[in-house]
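Just one chain is shown here, as structure tokens, and it is the form predicted alone.
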Amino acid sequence: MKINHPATAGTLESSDIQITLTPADSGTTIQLQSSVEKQFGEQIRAVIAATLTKLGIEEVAVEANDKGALDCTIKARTIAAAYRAADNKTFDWEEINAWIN
């Protein structure tokens, strides 16, 4: 999947995460802001990176503003932002369900 333009998913409400994806020239960068970064920062970054890898996204800048989201929410917001940024309106739910559970 190719990121065509910036897109955001999620909110800044408690127990949520706001993910913004922007096209990048090379590689993946993840900028994280979280009140629990010291305890869970590595895990949050790992979930975002793994989700992007499953979607086949290699060149993207990620800005994540976490408010205590669970892993399932992080995955869902990353997927939603990616599909929006790629202008992809066709979800392959069977494939997504196979690797998010």
Partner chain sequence: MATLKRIWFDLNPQAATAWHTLLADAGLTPDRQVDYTVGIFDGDDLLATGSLSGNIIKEVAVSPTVQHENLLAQIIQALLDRLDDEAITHSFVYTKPSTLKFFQSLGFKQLASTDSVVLLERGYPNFDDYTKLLEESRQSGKPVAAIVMNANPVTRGHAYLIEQAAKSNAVVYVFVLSAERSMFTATERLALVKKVAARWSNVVVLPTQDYMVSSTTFPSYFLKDRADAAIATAQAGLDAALFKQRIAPILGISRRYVGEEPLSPVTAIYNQQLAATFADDIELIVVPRLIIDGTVVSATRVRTAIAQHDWVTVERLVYPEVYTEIKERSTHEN
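Treat the numbers as computed from the prediction; the structure is a model and nothing was measured. Numbering follows the first chain given and starts at 1.
Below, we refer to the form predicted in complex with its partner chain, which is not included among the displayed structures.
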query: Interface membership of Ala7, its partner chain in the predicted complex, 4.5 Å heavy atom rule; finding: yes
query: Partner contact for Lys67 in the predicted complex: its partner chain, 4.5 angstroms, heavy atom; finding: yes
query: Contact flag, Asp87 vs its partner chain in the predicted complex, heavy atom cut 4.5 Å; finding: no
query: Close approach of Glu63 to its partner chain in the predicted complex, 4.5 Å, heavy atom; finding: yes
query: Residues in 30-47 close to its partner chain in the predicted complex, defined by a heavy atom within 4.5 Å, in order; finding: Gln31, Gln33
